[in-house]
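One chain comes next, on its own, written as structure tokens: the form predicted on its own.
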Amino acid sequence: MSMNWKDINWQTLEELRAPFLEGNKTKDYWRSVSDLEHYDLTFAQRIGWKWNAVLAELHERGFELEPASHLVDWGCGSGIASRLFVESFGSESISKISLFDRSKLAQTFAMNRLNEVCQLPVRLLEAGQIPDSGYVLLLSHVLGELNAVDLAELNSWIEKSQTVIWVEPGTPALSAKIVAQRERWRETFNVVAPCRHQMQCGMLSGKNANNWCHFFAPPPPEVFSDSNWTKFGKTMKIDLRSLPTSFLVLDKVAKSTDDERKRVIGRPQLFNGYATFIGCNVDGVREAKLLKRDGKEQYRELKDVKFTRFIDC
């Protein structure tokens, strides 16, 4: 049975977060099942809100899985990514699930939670135990914890996959790493999202040194009326309104169509009568300006907080 808010030990949450605040992200921070239960109820849910936004975008674009897909959750942690993926795409589209994490405790926890929500066969993988090719690879908040050797191993898993869905925090450093992975694999895979083109990433232009590819996932509205989340935000000093996210979706079959519309990166700046934003399309990444009188509908779209915004201007 999942942990409830009344069972939370706030000191445990502070201890779980400490390695990240200290920059020691390579530390094995799962000491017990209780640690994972605390994490899964709180920090993992915020990661889940990002996954919900990315998965919703894939559905909006009409992205479909190959029949009987093998789902592989690499660096699974408490298993929030694979649980939400099964919920989003349906267990009938998946044949089996494999979990890998450097923590055996986390692997077992993730397997048990998956068994609570679906009847799919779940197995635990060892390091280097790469499945047969053609699987859907989920990667969630892993780049900040990988050294060069780990990243080389991960690239071996990516190479054999059919689909990669990768979600990371939207920091400048991790965004740059996501872009590097996009450039590494864009000749092997089709870039499905967030891009609408297969060309070199416009962020690599020198004039974009102060920009980075990130978006803001929307938290569930009920979070802001829940006293438990309010206490969590204040205690952990986390702004629950802000979920900056960088992500990448690659697929060896599904194709992205070049699109002349601009994708809004980050947050637009709204002024009296006009808006400015960083826009990305096939022509590159650059600042754009939209006059309200020239595009009232587009201006309203910029005001509306959405994870995906394509502006025709």
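Residue indices: 1-based, along the sequence shown. In this text the structure is predicted, and so the values were computed from the model without any measurement.
What comes next is about the form predicted in complex with a small molecule, which does not appear here.
> Within 4.5 Å of the small molecule in the predicted bound form - does that hold for a heavy atom of every one of 64, 196 and 254?
Looking in the predicted bound form, the three residues 64, 196 and 254 all stay beyond 4.5 Å of the small molecule (heavy atoms).
> If the cut-off is 4.5 angstroms on heavy atoms, which of these, 175, 208, 103, 98, is the one near the small molecule in the predicted bound form?
Residue within 4.5 Å of the partner: 103.
> Under a 4.5 angstroms heavy atom criterion, identify the one residue in 142, 84, 223, 179 near the small molecule in the predicted bound form.
Answer to the contact question: 142.
> Do residue 183 and the small molecule come within 4.5 Å of each other in the predicted bound form, heavy atoms counted?
Output for residue 183 is no: heavy atoms all beyond 4.5 Å of the small molecule.
> Can you work out whether residue 109 and the small molecule are in contact in the predicted bound form, taking contact to mean some heavy atom pair no more than 4.5 Å apart?
So residue 109 does not count as contacting the small molecule.
> Might residue 247 be said to contact the small molecule in the predicted bound form, defining contact as any heavy atom within 4.5 Å?
Residue-level check for residue 247: no, no contact with the small molecule.
> Looking in the predicted bound form, any heavy atom of residue 219 within 4.5 Å of the small molecule?
Flag for residue 219 set to no.
> Pick the stretch from 68 to 76, 188 to 196, 90 to 98, 118 to 126 whose residues have a heavy atom within 4.5 Å of the small molecule in the predicted bound form.
Contact-bearing stretch, as computed: 68 to 76.
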